[in-house]
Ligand code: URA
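Here's a solo chain for you in C-alpha coordinates, the form predicted on its own.
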(Lines give C-alpha, C1' and ligand atoms only; values in the text may rest on other atoms or scores of the structure.)
Protein backbone atom coordinates (compact mmCIF):
# COMPACT_ATOMS: atom_id res chain seq x y z
CA UNK A 1 0.00 0.00 0.00
CA UNK A 2 1.38 3.39 -1.00
CA UNK A 3 1.67 6.04 1.68
CA UNK A 4 1.22 9.78 1.56
CA UNK A 5 4.35 11.92 1.66
CA UNK A 6 5.20 15.59 1.48
CA UNK A 7 4.62 16.92 -2.01
CA UNK A 8 8.04 18.57 -2.17
CA UNK A 9 9.74 15.32 -1.15
CA UNK A 10 7.92 13.31 -3.82
CA UNK A 11 8.86 15.68 -6.64
CA UNK A 12 12.45 15.95 -5.43
CA UNK A 13 12.92 12.18 -5.03
CA UNK A 14 11.53 11.57 -8.52
CA UNK A 15 14.22 13.83 -9.96
CA UNK A 16 12.00 16.71 -11.04
CA UNK A 17 13.90 19.38 -9.14
CA UNK A 18 15.05 20.76 -5.80
CA UNK A 19 12.52 21.68 -3.14
CA UNK A 20 12.97 25.38 -3.91
CA UNK A 21 11.92 24.59 -7.50
CA UNK A 22 8.81 22.83 -6.23
CA UNK A 23 7.85 25.88 -4.17
CA UNK A 24 8.08 28.05 -7.30
CA UNK A 25 6.01 25.59 -9.35
CA UNK A 26 3.32 25.57 -6.66
CA UNK A 27 3.19 29.39 -6.54
CA UNK A 28 2.92 29.42 -10.34
CA UNK A 29 -0.03 26.99 -10.25
CA UNK A 30 1.77 24.27 -12.20
CA UNK A 31 1.24 21.51 -9.62
CA UNK A 32 -2.19 19.90 -9.23
CA UNK A 33 -3.35 17.42 -6.60
CA UNK A 34 -6.56 15.56 -7.40
CA UNK A 35 -7.51 18.23 -9.91
CA UNK A 36 -6.91 21.16 -7.58
CA UNK A 37 -3.95 23.50 -7.34
CA UNK A 38 -1.43 22.36 -4.74
CA UNK A 39 -1.42 24.47 -1.60
CA UNK A 40 2.12 23.94 -0.32
CA UNK A 41 5.10 21.66 -0.57
CA UNK A 42 4.40 20.33 2.89
CA UNK A 43 0.96 18.89 2.15
CA UNK A 44 0.93 15.11 2.23
CA UNK A 45 -0.29 13.40 -0.91
CA UNK A 46 0.01 10.20 -2.91
CA UNK A 47 2.32 10.47 -5.88
CA UNK A 48 -0.43 9.11 -8.12
CA UNK A 49 -2.60 12.12 -7.21
CA UNK A 50 -0.08 14.66 -8.51
CA UNK A 51 0.20 16.26 -11.93
CA UNK A 52 2.94 18.67 -13.00
CA UNK A 53 2.16 20.94 -15.92
CA UNK A 54 -0.77 18.73 -16.85
CA UNK A 55 1.18 15.45 -16.83
CA UNK A 56 1.16 12.58 -14.35
CA UNK A 57 4.44 11.94 -12.56
CA UNK A 58 6.92 9.63 -14.23
CA UNK A 59 6.98 6.13 -12.66
CA UNK A 60 6.08 7.38 -9.17
CA UNK A 61 6.34 4.00 -7.42
CA UNK A 62 9.53 2.56 -8.84
CA UNK A 63 11.41 2.45 -12.12
CA UNK A 64 12.57 -0.68 -13.92
CA UNK A 65 14.05 -0.43 -17.40
CA UNK A 66 15.05 -3.03 -19.99
CA UNK A 67 17.65 -1.49 -22.25
CA UNK A 68 19.58 -2.44 -25.37
CA UNK A 69 23.04 -1.19 -24.47
CA UNK A 70 25.05 0.05 -27.45
CA UNK A 71 28.76 -0.51 -27.95
CA UNK A 72 31.14 2.11 -26.55
CA UNK A 73 28.86 3.16 -23.71
CA UNK A 74 29.67 2.64 -20.04
CA UNK A 75 27.46 1.55 -17.14
CA UNK A 76 29.25 3.29 -14.28
CA UNK A 77 28.66 6.98 -13.64
CA UNK A 78 32.30 7.22 -12.50
CA UNK A 79 33.91 5.98 -15.71
CA UNK A 80 34.96 8.20 -18.56
CA UNK A 81 33.12 8.00 -21.87
CA UNK A 82 29.55 7.98 -23.07
CA UNK A 83 27.25 6.95 -20.24
CA UNK A 84 24.28 4.68 -20.84
CA UNK A 85 22.22 7.22 -18.86
CA UNK A 86 22.43 9.65 -21.76
CA UNK A 87 19.75 7.52 -23.47
CA UNK A 88 17.26 8.14 -20.62
CA UNK A 89 15.36 11.24 -19.44
CA UNK A 90 17.75 13.47 -17.52
CA UNK A 91 15.53 13.58 -14.43
CA UNK A 92 16.01 9.83 -13.92
CA UNK A 93 19.55 10.57 -12.74
CA UNK A 94 18.12 12.56 -9.84
CA UNK A 95 15.81 9.84 -8.56
CA UNK A 96 16.10 8.59 -4.98
CA UNK A 97 16.68 5.72 -4.58
CA UNK A 98 19.00 5.86 -7.58
CA UNK A 99 18.46 3.78 -10.67
CA UNK A 100 21.40 1.48 -11.37
CA UNK A 101 22.26 -1.40 -13.67
CA UNK A 102 21.68 -4.99 -12.59
CA UNK A 103 25.20 -6.21 -13.19
CA UNK A 104 27.22 -4.54 -15.91
CA UNK A 105 28.27 -4.92 -19.50
CA UNK A 106 31.71 -3.57 -20.32
CA UNK A 107 32.28 -0.80 -22.83
CA UNK A 108 32.89 -3.20 -25.70
CA UNK A 109 29.87 -5.42 -24.96
CA UNK A 110 26.40 -4.63 -26.25
CA UNK A 111 23.01 -6.12 -25.53
CA UNK A 112 20.40 -6.72 -22.89
CA UNK A 113 20.75 -4.74 -19.67
CA UNK A 114 18.29 -4.17 -16.82
CA UNK A 115 18.28 -1.05 -14.67
CA UNK A 116 16.14 -0.58 -11.59
CA UNK A 117 15.73 1.27 -8.31
CA UNK A 118 14.21 -1.88 -6.78
CA UNK A 119 16.83 -3.54 -4.58
CA UNK A 120 14.83 -6.75 -4.17
CA UNK A 121 14.49 -7.19 -7.93
CA UNK A 122 18.20 -6.56 -8.36
CA UNK A 123 19.00 -9.28 -5.81
CA UNK A 124 16.60 -11.80 -7.37
CA UNK A 125 18.15 -11.39 -10.80
CA UNK A 126 21.79 -11.49 -9.68
CA UNK A 127 21.67 -14.04 -6.85
CA UNK A 128 23.07 -17.44 -7.96
CA UNK A 129 20.38 -19.27 -5.98
CA UNK A 130 17.72 -18.03 -8.41
CA UNK A 131 19.50 -19.75 -11.33
CA UNK A 132 18.86 -17.05 -13.94
CA UNK A 133 21.06 -17.81 -16.94
CA UNK A 134 22.53 -15.22 -19.30
CA UNK A 135 23.09 -15.94 -22.98
CA UNK A 136 25.71 -14.27 -25.16
CA UNK A 137 26.64 -14.36 -28.82
CA UNK A 138 30.38 -14.34 -29.45
CA UNK A 139 32.63 -13.64 -32.41
CA UNK A 140 36.22 -14.81 -31.95
CA UNK A 141 39.55 -13.78 -33.37
CA UNK A 142 40.68 -17.35 -33.98
CA UNK A 143 38.96 -20.45 -35.33
CA UNK A 144 37.40 -22.63 -32.64
CA UNK A 145 39.42 -25.77 -31.92
CA UNK A 146 36.43 -28.03 -31.28
CA UNK A 147 36.96 -28.95 -27.63
CA UNK A 148 35.77 -25.66 -26.08
CA UNK A 149 32.21 -26.85 -25.43
CA UNK A 150 33.47 -29.84 -23.47
CA UNK A 151 35.90 -27.68 -21.48
CA UNK A 152 33.27 -25.09 -20.59
CA UNK A 153 30.71 -27.75 -19.65
CA UNK A 154 33.13 -29.62 -17.39
CA UNK A 155 32.95 -27.24 -14.45
CA UNK A 156 36.74 -27.49 -14.07
CA UNK A 157 37.90 -24.37 -15.92
CA UNK A 158 39.76 -22.03 -13.56
CA UNK A 159 40.34 -18.45 -14.67
CA UNK A 160 43.52 -16.49 -14.06
CA UNK A 161 43.84 -15.10 -10.50
CA UNK A 162 40.93 -17.27 -9.25
CA UNK A 163 40.86 -20.41 -7.13
CA UNK A 164 37.38 -21.80 -7.80
CA UNK A 165 36.39 -23.23 -11.17
CA UNK A 166 33.64 -21.72 -13.29
CA UNK A 167 30.22 -23.31 -13.11
CA UNK A 168 29.41 -25.46 -16.15
CA UNK A 169 28.46 -23.33 -19.15
CA UNK A 170 26.81 -24.36 -22.39
CA UNK A 171 28.59 -23.47 -25.65
CA UNK A 172 26.89 -23.88 -29.01
CA UNK A 173 29.13 -23.44 -32.04
CA UNK A 174 27.44 -21.52 -34.86
CA UNK A 175 30.40 -21.03 -37.19
CA UNK A 176 34.17 -21.33 -37.43
CA UNK A 177 34.61 -18.25 -35.25
CA UNK A 178 31.12 -17.74 -33.80
CA UNK A 179 29.17 -19.28 -30.95
CA UNK A 180 26.56 -18.72 -28.28
CA UNK A 181 27.36 -19.32 -24.62
CA UNK A 182 25.03 -19.64 -21.65
CA UNK A 183 26.41 -18.68 -18.22
CA UNK A 184 24.95 -19.45 -14.80
CA UNK A 185 27.07 -16.98 -12.84
CA UNK A 186 28.42 -13.49 -13.37
CA UNK A 187 32.16 -13.16 -12.89
CA UNK A 188 34.14 -10.14 -14.02
CA UNK A 189 34.58 -10.20 -17.84
CA UNK A 190 33.76 -13.89 -17.64
CA UNK A 191 33.11 -14.72 -21.30
CA UNK A 192 36.26 -12.93 -22.45
CA UNK A 193 38.36 -14.61 -19.77
CA UNK A 194 36.95 -18.07 -20.48
CA UNK A 195 37.91 -17.87 -24.14
CA UNK A 196 41.26 -16.38 -23.16
CA UNK A 197 41.84 -19.45 -20.97
CA UNK A 198 41.47 -21.72 -24.01
CA UNK A 199 43.77 -19.62 -26.19
CA UNK A 200 41.32 -17.44 -28.06
CA UNK A 201 40.22 -13.80 -28.03
CA UNK A 202 36.71 -12.33 -28.16
CA UNK A 203 36.32 -9.84 -31.01
CA UNK A 204 32.68 -8.97 -30.36
CA UNK A 205 30.22 -9.85 -27.62
CA UNK A 206 26.52 -9.30 -27.14
CA UNK A 207 24.20 -10.39 -24.34
CA UNK A 208 20.99 -11.56 -25.98
CA UNK A 209 19.03 -13.16 -23.13
CA UNK A 210 18.50 -12.88 -19.39
CA UNK A 211 16.56 -15.95 -18.38
CA UNK A 212 13.58 -16.22 -20.74
CA UNK A 213 13.75 -12.53 -21.68
CA UNK A 214 15.42 -11.83 -25.02
CA UNK A 215 16.31 -8.88 -27.20
CA UNK A 216 14.48 -10.62 -30.04
CA UNK A 217 11.20 -10.76 -28.12
CA UNK A 218 11.50 -7.12 -27.05
CA UNK A 219 12.41 -5.88 -30.53
CA UNK A 220 14.35 -2.87 -29.24
CA UNK A 221 17.28 -1.39 -31.13
CA UNK A 222 20.60 -0.25 -29.65
CA UNK A 223 20.01 2.74 -27.39
CA UNK A 224 16.29 2.01 -26.99
CA UNK A 225 14.50 0.83 -23.84
CA UNK A 226 11.18 -0.27 -22.39
CA UNK A 227 9.90 0.18 -18.85
CA UNK A 228 8.17 -2.56 -16.84
CA UNK A 229 6.63 -3.13 -13.44
CA UNK A 230 9.17 -5.08 -11.39
CA UNK A 231 6.89 -8.11 -10.87
CA UNK A 232 6.01 -8.25 -14.56
CA UNK A 233 9.65 -8.18 -15.58
CA UNK A 234 10.62 -10.90 -13.12
CA UNK A 235 7.88 -13.14 -14.50
CA UNK A 236 9.14 -12.53 -18.03
CA UNK A 237 12.68 -13.46 -16.96
CA UNK A 238 11.47 -16.60 -15.20
CA UNK A 239 9.33 -17.52 -18.20
CA UNK A 240 6.06 -17.62 -16.27
CA UNK A 241 4.54 -15.02 -18.60
CA UNK A 242 5.27 -14.04 -22.19
CA UNK A 243 5.50 -10.69 -23.96
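Computed from a prediction, not measured in an experiment: that's the story for all the values here. Residue numbers count along the first chain shown, from 1.
Keep in mind the form predicted together with the named molecule is missing from the figure; the text below concerns it.
Contact with the named molecule, judged by heavy atoms within 4.5 Å in the model of the complex, is confined among 47 to 55, 187 to 195, 30 to 38, 171 to 179 to 187 to 195. Contact annotation for residue 136: at least one heavy atom lies within 4.5 Å of the named molecule in the model of the complex. In the model of the complex, at least one heavy atom of residue 109 sits within 4.5 Å of a heavy atom of the named molecule. The named molecule is not drawn, but in the model of the complex it has no heavy atom within 4.5 Å of residue 99. Interface membership of residue 105, defined by any non-hydrogen atom within 4.5 Å of the named molecule in the model of the complex, is confirmed. With the partner removed from view, the residue among 218, 65, 26, 205 that has a non-hydrogen atom within 4.5 Å of the named molecule in the model of the complex turns out to be 205. Contacts with the named molecule in the model of the complex, taken as any heavy atom within 4.5 Å, map to no residue of 53 to 70.
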